[in-house]
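To begin, one chain is listed below as structure tokens, in the form predicted on its own.
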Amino acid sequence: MALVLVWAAELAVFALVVAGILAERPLPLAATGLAIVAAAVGLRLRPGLRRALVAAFVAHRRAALAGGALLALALPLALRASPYWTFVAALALLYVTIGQGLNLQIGTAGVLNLAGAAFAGLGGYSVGLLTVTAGWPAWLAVLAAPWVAVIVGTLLFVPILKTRGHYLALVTIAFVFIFNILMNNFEFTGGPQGIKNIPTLRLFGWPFTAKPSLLGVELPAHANFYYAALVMASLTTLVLRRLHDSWLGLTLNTLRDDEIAARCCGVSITRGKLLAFCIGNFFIGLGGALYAVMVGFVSPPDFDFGYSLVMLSVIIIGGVDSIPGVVLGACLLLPLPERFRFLHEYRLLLYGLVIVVMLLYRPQGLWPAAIRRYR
């Protein structure tokens, strides 16, 4: 019975999400919104049902993960009538990868990095230069590009190590603007025009511009990148979850909470922070690299400071140092503004407002980080 309850809950959430995405007219959109609000209020007013759901998910954790994976695989099938939303879903998964890397730095280690867009840009521009200029295959460039973000981040770590608090934030903010100015003025990066005609991915001879089929149904070409981003986000989440639960995650939490206590326990502050910064930048650069081959074009406005705020918002909304919270934050923060695209000019204002509201009324995020338990 509990297993049926788990799968029924996941299927209901999936149906509401798909209905909310595909509803174009005001009446169906309003009906879907009311259904979501009614479900949330019902769970709030029925604590017994809420406890039963929590207990069912805890008892059948693997079955719940399997059901969620199947629904994630079926999402392009449900969205096949709208290739644009398949692209948005792929973009949300890219932000899961980027958000997990940034969360390791900010949430786990306490290293404030507001230059996420610059490190994603290093991954994107590296792919563009390696494929268009050097003639590398796209898949090899995607694998090599994150290491550029790691190397540049290692060099940037020298001034970062000498700063704390607000000064550390200012250093990383300055790096975003320096990166943007350099990309605008260097000729080999295309200047303000950026790098065009980045070749698409090819795996085993299959071009990602071709339309795939699932269960005999033809899907839009963006479904290729959706599945690639899904695999990348899943592997990133798995790897960083294992790191978070290991001795390394515990060490980084100690650095975040009390550097003096960590130093007294024999923890190397420099090595711990550098390790967190490099690992985080690798996954941020990996997200930027896949973005470059997915869009086929990179330019300085794609990686300005506004996108660093979006990446930070993913962590704050989901929950600082919360691995599943980053997934929830990315899946909410990316599609919702696209649903209300008539507010496009006020997007950054809305992001800022959301951050302020979350910090004031729910600083722990929508999915707070669990308390560490030892056996």
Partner chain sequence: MSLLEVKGLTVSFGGLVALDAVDVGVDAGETLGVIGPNGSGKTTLFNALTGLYAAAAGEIRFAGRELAGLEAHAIARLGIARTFQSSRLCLALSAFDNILIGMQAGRRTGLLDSVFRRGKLLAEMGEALERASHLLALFNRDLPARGFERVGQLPQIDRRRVEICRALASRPKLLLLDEPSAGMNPEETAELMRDLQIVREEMPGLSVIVIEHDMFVIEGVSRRVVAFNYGRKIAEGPFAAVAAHPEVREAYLGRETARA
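Numbering follows the first chain given and starts at 1. Keep in mind the model is a prediction, meaning the values are calculated, not measured.
Same protein, other form: the form predicted together with its partner chain, not shown, and the subject of what follows.
S.K.: Sort through 136-144, 296-304, 264-272, 211-219 and report the only stretch with a non-hydrogen atom within 4.5 Å of its partner chain in the predicted bound form.
M.R.: Heavy-atom contact with the partner occurs in 264-272.
S.K.: Exactly one of W206, F188, W247, Y84 has a non-hydrogen atom within 4.5 Å of its partner chain in the predicted bound form; which residue is it?
M.R.: The option sitting close enough to the partner is W247.
S.K.: Identify, from the list T237, T251, N180, T131, the residue with a heavy atom within 4.5 Å of its partner chain in the predicted bound form.
M.R.: Checking each option against its partner chain in the predicted bound form, the one that comes within 4.5 Å is T251.
S.K.: Quick one: does I260 come within 4.5 Å of its partner chain in the predicted bound form, counting heavy atoms only?
M.R.: Within the cut-off, so yes.
S.K.: Taking heavy atoms and a 4.5 Å cut-off, does L243 contact its partner chain in the predicted bound form?
M.R.: Contact with its partner chain, yes.
S.K.: Taking any heavy atom pair closer than or equal to 4.5 Å as contact, tell me whether I279 reaches its partner chain in the predicted bound form.
M.R.: Yes, I279 sits close enough to its partner chain in the predicted bound form that at least one of its heavy atoms falls within 4.5 Å.
S.K.: Does at least one non-hydrogen atom of V6 fall within 4.5 angstroms of its partner chain in the predicted bound form?
M.R.: No, V6 sits far enough from its partner chain in the predicted bound form that none of its heavy atoms falls within 4.5 Å.
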